[in-house]
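As structure tokens, one chain now follows by itself in the form predicted alone.
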Amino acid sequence: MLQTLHIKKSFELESGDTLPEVTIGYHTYGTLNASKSNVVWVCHALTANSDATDWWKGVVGENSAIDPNKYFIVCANILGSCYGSTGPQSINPVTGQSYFADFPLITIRDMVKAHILLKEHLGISSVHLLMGGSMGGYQVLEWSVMEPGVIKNIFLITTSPAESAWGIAIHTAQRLAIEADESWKEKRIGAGEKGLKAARAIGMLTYRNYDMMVHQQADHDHEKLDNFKASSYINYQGDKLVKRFSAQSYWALTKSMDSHNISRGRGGNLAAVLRRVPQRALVMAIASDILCPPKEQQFIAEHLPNATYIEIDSSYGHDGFLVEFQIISEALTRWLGHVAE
């Protein structure tokens, strides 16, 4: 069940702007043990929510690698989202109106700062395992640098230590799609829906890949002139997101990803910053991922002092981190067993 933490004091952002107050939506599963040593914190990606047992079934949940019968599991909705934490649809207490497109620029570091406030509220002093994929992995890396004494072990999949020029270009194209919808800045729920649908369409092309799209969405009717299966699939995926997400949150969160760089303000050398991360790490790549390709995870594993690297075969591309739950869960279980020895 979604829980919320309201913090009625100003929250300074990395940009220098301030949120007058913040709300953090979160889920917990399982029970904190007496020594408070069984905490697993799950960081979610772009359009997910804090119910990790819903979107990461088979990895988080009963009879999975991260089982609530063994661990106390926490997942918090990120700032800027629309699933319980402060974001564009939230009320600005200064104006009494929702922020909408006036929501300030936030960074991955700001999101982690909010996670830390929730951690303190929950009385957690040590996180046994911090884990996440894609944008969730951005949060994991940032938090590992910010609180190296708190985070004991980390699991990263399909992620990177800094957003690539490729990723920034994709996000810019997605924001251009949103901005082309003249309604996107309107101060109402549902503003920018057409733009959000187009942005999702661009994203889907990077979450999958050529082989998977051809395998699953090719038409076998060679006489067709219109209404192709691949086109229907892209429209369907866009409509699905529009029903559950906000164009203004999507715009804001892609901006947050663009600025992701763990070496910002820390000397500007990614390899050097990674070498200062002491946690034992499982770093996993998906061979067919074209959004965060394996070379990015290889770079992480090469420079983390205590990393184990695994590359898995999957035809699902970037989305494989959500789909290949059995392979991921088995590998994570084995690695956690070694960590406990």
Ligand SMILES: N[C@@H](CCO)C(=O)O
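These numbers were taken from a predicted model, which means no experiment stands behind them. Residue numbers here begin at 1 and follow the sequence given.
The discussion below concerns the form predicted in complex with the named molecule, not included here.
Using a 2.4 Å cut-off against backbone and C-beta atoms, the named molecule, superposed onto this form from its pose in the predicted complex, places no atom that close, and the site is open. Tyr207 is the sole member of Phe100, Tyr207, Tyr71, Trp143 with a non-hydrogen atom within 4.5 Å of the named molecule in the predicted complex. Proximity to the named molecule in the predicted complex, taken as a non-hydrogen atom within 4.5 angstroms, holds for one residue of Ser288, Thr47, Thr28, Asn38, which is Thr47. Partner contact region in the predicted complex: 312 to 320, out of 59 to 67, 293 to 301, 312 to 320, 278 to 286, criterion any non-hydrogen atom within 4.5 Å of the named molecule.
In the predicted complex, the named molecule sits within 4.5 Å of a heavy atom belonging to Ser134. By the criterion of a heavy atom within 4.5 Å, His260 is excluded from the residues contacting the named molecule in the predicted complex.
At the 4.5 Å threshold, heavy atoms of Arg200 reach the named molecule in the predicted complex.
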